[in-house]
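Presented as structure tokens, the chain that follows is alone, the form predicted alone.
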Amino acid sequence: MDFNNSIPIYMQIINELKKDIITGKLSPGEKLPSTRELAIKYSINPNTSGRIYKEMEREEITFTKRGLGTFVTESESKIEQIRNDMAKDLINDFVKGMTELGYTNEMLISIIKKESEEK
């Protein structure tokens, strides 16, 4: 994974894990790698891995079973909420960027319709 220097690494990995959850690469209730395994996978400090899991648990994306590890939430509504939140963030970033380029809402709608028809 190539990291963006303007966003903290732990946030980038959290977003990557969220994508894996909403796309089904990680199933509800699935055990996540240990903090050490996560650190090796992403070439990060194990303390950063711990911070990632702590933040995800705070957001109720994961839960920990003492002595067993960290697991993906089993709540379908939470997974749907994550999906909706990520979609909203993408849309807001797109609209902001296009507005900065001088596009109006009507122009954005036209571009989106045109692009989706071509796909």
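Since the model is a prediction, treat every value here as computed from it, not as a measurement. One rule holds for the numbers: they count along the sequence shown, beginning at 1. Take the two forms, find the largest set of C-alpha atoms that superpose within 1.5 Å, and that set is the rigid core.
One more form of this protein should be noted, the form predicted in complex with another copy of the chain, which is absent from this view; the next part is about it.
Judged against another copy of the chain in the predicted bound form with a 4.5 angstroms heavy atom cut-off, the residues Leu38, Ile40 and Lys78 are out of contact without exception. Interface membership of Glu74, defined by any non-hydrogen atom within 4.5 Å of another copy of the chain in the predicted bound form, is ruled out. Although the partner is absent from this view, Ile14 stays clear of another copy of the chain in the predicted bound form, with no non-hydrogen atom inside 4.5 angstroms. When contacts are judged by a 4.5 Å heavy atom cut-off, Asn84 counts as touching another copy of the chain in the predicted bound form. Relative to the superposed core, Met11 undergoes a Cα shift smaller than 2 Å between this form and the one not shown. For Thr99, a C-alpha deviation of 2 angstroms or more is recorded between this form and the one not shown after rigid-core alignment.
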